[in-house]
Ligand code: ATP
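The chain that follows stands alone, in the form predicted alone, written as structure tokens.
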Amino acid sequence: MKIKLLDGSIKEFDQAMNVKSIAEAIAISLKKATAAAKVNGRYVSVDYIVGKDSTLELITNKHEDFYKTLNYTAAFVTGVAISELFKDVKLAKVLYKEDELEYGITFEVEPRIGLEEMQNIQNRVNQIIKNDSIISREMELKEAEELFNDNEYQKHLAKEMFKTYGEVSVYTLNGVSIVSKHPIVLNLKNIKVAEVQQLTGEYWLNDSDNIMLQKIHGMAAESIETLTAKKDILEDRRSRDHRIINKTLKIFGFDHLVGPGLPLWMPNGTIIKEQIKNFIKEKEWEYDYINVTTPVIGTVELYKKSGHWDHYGEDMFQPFNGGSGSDEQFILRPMNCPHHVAVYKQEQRSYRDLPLRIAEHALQHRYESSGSLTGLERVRAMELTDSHIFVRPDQVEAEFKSIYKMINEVLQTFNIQIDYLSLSLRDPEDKVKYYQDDKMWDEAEAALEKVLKDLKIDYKKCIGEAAFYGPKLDIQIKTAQNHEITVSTIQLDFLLPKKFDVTYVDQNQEFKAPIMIHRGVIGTYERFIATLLEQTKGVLPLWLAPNQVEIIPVGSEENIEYAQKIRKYLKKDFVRTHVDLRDERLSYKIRDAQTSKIPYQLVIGDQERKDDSVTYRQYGSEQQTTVKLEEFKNMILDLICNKK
């Protein structure tokens, strides 16, 4: 049999062998270093027997899945500890949340375990990882169902795994067994530390109609130093979470009566949003976009004709009637492309009119599941920085380059850290998702890839990630919770103009279909501001800060009057300020301004009033500087003008 390794090399063997024997045949040291493996993309143990031509990835401590493997194993070990300490435990699922760097084990037991038992569980886990090892077996479904006759959770997992792989992976430790499709290390010496941390609950299969199981969370690693480093990463992620930052900055809110996923923009958030919007509109003016306003609803027929009804129907809010006795059916719009097509079609266009760049900062609604709603990152009501550009075929490359240049300038202004660029292509085998026109797809994908090569852009090809109407370039980032999201997008669309019979008159007086380019410069304001808060830890640049200058008068009533004079003086130039008149100590007011991440704090005393000056301190600095009021104003206006 031929075994293809991760580096592309091929090893040949004349008989079936288990993974650790194959590892040893490659290099003696690999046998000991291998914790688990992937055979043809499936996670297996080192005892798994490979009997045919396969691709093989050995999971060592250098592999990206090593930490995951340790944590799935620690979850099982924790389940074994629970089973040994309590009677009639039914283990459910071993879990690992990459964004939380933690493992979990769900289980059913009566009476339910209390927090006072956590230390006993921790002690037993410590004993197990020092002395014991795990056995793995592959078995038929019938054998697995007999083994787990009294555990409906494991029987369910066995059926699911058998359906996918035609066999069931069972792991056993100290007489306790589970089914796992996830990587498990058999030699527990790989785990030097496993820390039991929380006791919570979780519905079986995340379905509220099912039983609420108990769940123990923890973290495991190959050393205490590694565990400490992982905890530091997790703490940094939590400190960057825009939902945590929002508690101090008061950017947005939600209300269950208004509805889940429907954000309320508070005064501070509205300021940030409007400042960004003004900047984007300036950029759109610079790049010759025309702004329009279209309705937040559309007819069902509109979305059926566009194809969105068939492809995204499950993500839309349900249709509603136009009124009492009306047969008209409307939908809260989930996207704006059909509306912009309608704008284009208001008059006959000539080839001289193209490119026609239609832009709108448009309200949209999508019905995200309740469980997926995450602060501003994933909501049901959003405002998109949207545009649709209609071009002739000979203009595609130049326009794509212009759009990319604009997006790049915008993201650099905000200093957004990009993870990678994704070239999303269709899967030719998927006959359901994608519009069936091979020539159209081949031309669109070739055109897009040529532009990326001309621009010398590094990108990843992602097969099967294209929109149903065409290929696209997505700019991807990682959130504080390690979620991958799209911040900007450029999409080619050869389909929608044909569906809506969109035309222009060419130089030969013939009707031709334009190509439509979808452009999202920063995606939705909701997701972008969540990103901005997380990447800056809430320390926004001066031009975006809701309160740019905190004025703190001390001493006499005259100083308070001077502080109010400063506020009015700066307000004339649209500088956002606040005078702190609370009856608190100066040190408390300065600390509070620092906590609120206000860029500048002015301390106003007798000397400042007499000299017509201010003493300022920047966020994050303890240095105090005294300058004339006019000089201070000119300084911050220059910073604001240059988007600092």
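The model shown is predicted, which means the values in this text are computed figures rather than measured ones. Numbering starts at 1 and follows the sequence shown.
Below, we refer to the form predicted together with the named molecule, which is not included among the displayed structures.
- Shown here without its ligand, the chain is overlaid with the named molecule as it sits in the predicted complex; no ligand atom lies within 2.4 Å of a backbone or C-beta atom, and the site is open.
- Only one listed stretch (390-398, 129-137, 524-532, 509-517) carries heavy atoms within 4.5 Å of the named molecule in the predicted complex, and that stretch is 524-532.
- Using a 4.5 Å cutoff between non-hydrogen atoms, residue 378 counts as a contact of the named molecule in the predicted complex.
- In the predicted complex, the named molecule sits within 4.5 Å of a heavy atom of residue 486.
- When contacts are judged by a 4.5 Å heavy atom cut-off, residue 366 counts as touching the named molecule in the predicted complex.
- When contacts are judged by a 4.5 Å heavy atom cut-off, residue 330 does not count as touching the named molecule in the predicted complex.
- The contact with the named molecule in the predicted complex, taken as any heavy atom within 4.5 Å, belongs to 491 out of 548, 491, 424, 169.
- Only one of the listed residues (188, 382, 570, 101) places a non-hydrogen atom within 4.5 angstroms of the named molecule in the predicted complex, and that residue is 382.
- Contacts to the named molecule in the predicted complex (heavy atom within 4.5 Å) from stretch 281-316: 312 only.
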